[in-house]
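A lone chain, given as C-alpha cells: the form predicted alone.
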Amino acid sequence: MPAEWPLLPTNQETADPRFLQQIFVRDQMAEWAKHPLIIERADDIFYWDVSGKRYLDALSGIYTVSVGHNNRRVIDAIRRQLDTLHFSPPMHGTNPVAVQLANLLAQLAPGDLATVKFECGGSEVTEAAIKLARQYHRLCGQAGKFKIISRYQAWHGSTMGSLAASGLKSRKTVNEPLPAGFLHVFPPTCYRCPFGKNYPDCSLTCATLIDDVIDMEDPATVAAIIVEPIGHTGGVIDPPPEYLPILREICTRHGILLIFDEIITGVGRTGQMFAAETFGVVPDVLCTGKGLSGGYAPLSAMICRKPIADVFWGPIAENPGFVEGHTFEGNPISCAAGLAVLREIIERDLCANARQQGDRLRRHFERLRDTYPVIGDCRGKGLFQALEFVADRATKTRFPANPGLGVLVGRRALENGLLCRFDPHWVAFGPPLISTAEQIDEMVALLERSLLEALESMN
C-alpha cells in the first residue's frame, strides 16, 4: 500500500475508495463499498461506526457476542492471562486454563458428553467432527463407514469438508468439485414442507425418510448424520419436537454417529446451555463456538461422548489417536475468554434471561405477524428467532428474490441503527444474552419502522 494512502479511514464519508479495495468483506466487495459499514467501537449491546452512528446489535455481531461488548470480566480475564501465558506448545501438551475450560464444558454438556477438543472456529470444529466420525469407525474395524448425511440449506462451514456437508448451492457451486462421501436430505421446514404435507399429520416424513436413505446407501457405509438443531441459513428452521428424537433412534439403531452443529445454538442461545437440552436429545458429538468466547478471541469446541473418546485411547503403536490438530487449538488466551464467558452466563443466569427475553421477542414477532399480511411465519427459540416474508399469506407465495423484502427491510434497519440478519425472504434476531426487555422492545420498534419504510419504497 503506498505511503500516502490512509491506514484507516476517519469516517465513512471520507473513506478513500482505494483503501476499501484492499480488504475483503463477506458481501460482494464492489456492492459493499457503495455503503461501507466500518465499526469503530462497541459497548453493552451497541456498536458505533467511524461516523459516530449508533447501532443496536440484534445479532450479537454474528450470534457471537453472548455476554455483550466491553464485558469487563472477560477483558480482565484475558489481561491476566496475557501476563501469565499467551501461547502454549500444542504439539507437546496443553495448559491449565484449557484443562479448566474442558472440565467446565464436560460438566455443562448433557449426558455423557465429556471429552473436549478445542479448535479456533466453527468451520474447523465441524470439520473435526466429520474426521472424528470416520476415524472412529475405522478404529472400530468399520472403515467402510465414511458417508456423511446432512441437510439442504444447512451451513456447516467454509473448509472443504464442512462445505461439502453444507447444503447451500450459492456457496458450494463456486468451489466444486467438493470432497466425495456427502449426502443431503431435505430439512424439517414445516412452513414450507418439501413433501407438501402439514404437521402434525405428516408422519414426520422429513425424519423417517432419512432411515430410507440410509437403507438405500447401506448402513455399513454411513458414518454420521450432522445437523443444526435449529437450522440457520434456511431461515431459522425450527424442527417439530419429534424430529431430533427420531434421528437419535435411527443413528443408534444403525451404529451411526449423530453430530449436532451448535455453533450458533450453543452457549445459551436457545434458553438452555445447549439446544441438545432444549430438545431433550443427546448427540454423540456436539460442536460449539461463536458465543463460547463471546467474540473476544477465536474459540470453538468439539465435545464427544466418553465411549467414543475411549476408542481413541491406547498404545501409539496400535492406536494413532485422533489425527487432527491446529496451531491455536486450546490457546490460553481464548480459553481464558471462554471460562470467563461461561462463568458470566452461569452466575448471571443468562440462560434464564434468554428464555424470558425470548418469550418477549416471540410475542412481539407474533404481533407483527398478526398485523402485517406480508409476514407469513415467525419461528425459533430463545434469542434466536426469525420472521419470513410472503407476498401472499394464503398461498405462501414469495416476493421476487432480487432484492427481496427481507433485504429491503434489513438495509432499512441498518440505516435506522439496527443490526440484524437478513436474506431475501426473512430477517432474524440473535441479540446478546444480556439483552433487557427495554432493549428488545427498541429492537422490534426499529424493525417495525424499517418494515413500513421498505413496504412504502415498494409502492
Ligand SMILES: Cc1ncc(COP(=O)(O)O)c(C=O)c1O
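Numbers follow the displayed sequence, beginning with 1. Note that this is a predicted model, so its numbers are computed, not measured.
Separately, the form predicted together with the named molecule exists; it is not shown, and the next lines address it.
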Any of the heavy atoms of S123 lying within 4.5 Å of the named molecule in the predicted complex? yes
I'd like to check something about I264: if you look in the predicted complex, is any of its heavy atoms closer than or equal to 4.5 Å to a heavy atom of the named molecule? yes
Is it the case that G234, even though its partner is missing from this view, gets within 4.5 Å of the named molecule in the predicted complex, heavy atoms only? no
Considering only heavy atoms, tell me if R269 and the named molecule come within 4.5 Å of each other in the predicted complex. no
As a check of understanding, the residue in F365, Y243, W155, Y136 with any heavy atom within 4.5 Å of the named molecule in the predicted complex should be identified as W155
Work out which of the listed stretches, 249-257, 197-205, 325-333, 114-122, brings a heavy atom within 4.5 angstroms of the named molecule in the predicted complex. 114-122
